[in-house]
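Heads up, the chain below is alone and in the form predicted on its own; it's given as structure tokens.
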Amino acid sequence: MQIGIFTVGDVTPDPVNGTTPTEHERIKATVEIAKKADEIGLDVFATGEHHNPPFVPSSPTTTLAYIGAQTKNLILSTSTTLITTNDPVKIAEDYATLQHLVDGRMDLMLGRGNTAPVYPWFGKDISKGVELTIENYQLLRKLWDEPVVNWEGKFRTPLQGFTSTPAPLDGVAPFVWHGSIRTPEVAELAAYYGDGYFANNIFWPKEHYIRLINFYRQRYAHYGHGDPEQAIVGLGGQFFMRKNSQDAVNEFRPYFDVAPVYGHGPSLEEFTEATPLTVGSPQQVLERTLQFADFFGDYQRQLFLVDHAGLPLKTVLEQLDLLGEILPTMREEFAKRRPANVPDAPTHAARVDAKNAEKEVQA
């Protein structure tokens, strides 16, 4: 099990002290949060990609490369890389470069994006979102897997004799997760290629995601990649912790009540009942997280959203310290319940070893 955090990079006013971080402060805070994640022993740090206010992570590979130079163990990822509005050639080049810079400790999550105005900004039609996802990913795979690409599609100029540089590190392309909150076609795409499927289940009831994940598992097996329980699944989640559970509720409530992603809807209590949001003690967060596998099956990656809703950097770092306290138990309990036939989360080193072993068998 890989355990980590992800950020959406929102610039949200702090409702308690009335201040709003500058873009500079928010970007620098993101780096400090990633460094703290590495310090406490988390496995993954992932950043979103947005091209509109109030978000700042418009250049994920720049941010991740900078973080990579200041961390030792973190797998650097995205949440999400926009497969619809980015040129697949640029994705292939940028993320292969990042892969080399951080010696393979990276992967990426691809998604359609749910901000409608972004599509025309990049010359795309949102009504073609699923078609763009499928075609662009087909091209991305070819660019990483084939030394010379001849290609023609519907949404991009053709390529003739094109070589993407640099080639993937050790001849192994970055592992790809496909992120989705509602689109079966994305789950189908992940299953077809034997890629990971990340269900960011932070806003809707678990029953919705159970259906999507089960569909992905069934299609993964259909395409011959393994049994359904061997499919590579990731989940989201979010929490706010204090040693005393009531202190956590009292402190987080004003942030919940006005945050764009939460406010003006269900109450804090209603939202925590319906979604993975856990506001309470570290023990409550531990117990709630360990229940996820009861609903979704054993899975490989758990990412938490921590730095959102206007929470100040100091508070976010305190949250990570509390997560660090329960992290060893969380790892131990997840490992204890996982059946032997459920694979580990993919890493670059493991995938290189698998490729070399396959070559030996063929020889």
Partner chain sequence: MTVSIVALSAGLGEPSTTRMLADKVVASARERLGDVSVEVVSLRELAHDITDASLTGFASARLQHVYDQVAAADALIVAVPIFKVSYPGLFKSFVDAMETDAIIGKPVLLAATGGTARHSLAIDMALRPLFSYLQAFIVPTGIFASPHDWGSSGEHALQRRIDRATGELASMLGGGGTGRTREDEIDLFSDTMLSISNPDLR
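Predicted model only: the values in this text are computed from it and were never measured. Numbering follows the first chain given and starts at 1.
Although not depicted, the form predicted together with the partner chain is the subject of the following passage.
Partner proximity in the model of the complex, defined as non-hydrogen atoms within 4.5 angstroms of the partner chain, places exactly one of 112-120, 244-252, 95-103, 274-282 at the interface: 274-282. When the partner chain is considered in the model of the complex, Gly226 lies well away from it, no heavy atom lying within 4.5 Å. Gln138 belongs to the set of residues with a heavy atom inside 4.5 Å of the partner chain in the model of the complex. The partner chain in the model of the complex is not approached by Glu269, whose heavy atoms all lie more than 4.5 angstroms from it. At the 4.5 Å threshold, heavy atoms of Arg219 reach the partner chain in the model of the complex. This chain is displayed alone, yet in the model of the complex one of Gly265, Gly171, Pro166, Gly161 has a heavy atom within 4.5 Å of the partner chain; that residue is Gly265. Residues are counted as partner-facing when one of their heavy atoms sits within 4.5 Å of the partner chain in the model of the complex; in 145-171 these are Trp151, Glu152, Gly153, Lys154, in sequence order.
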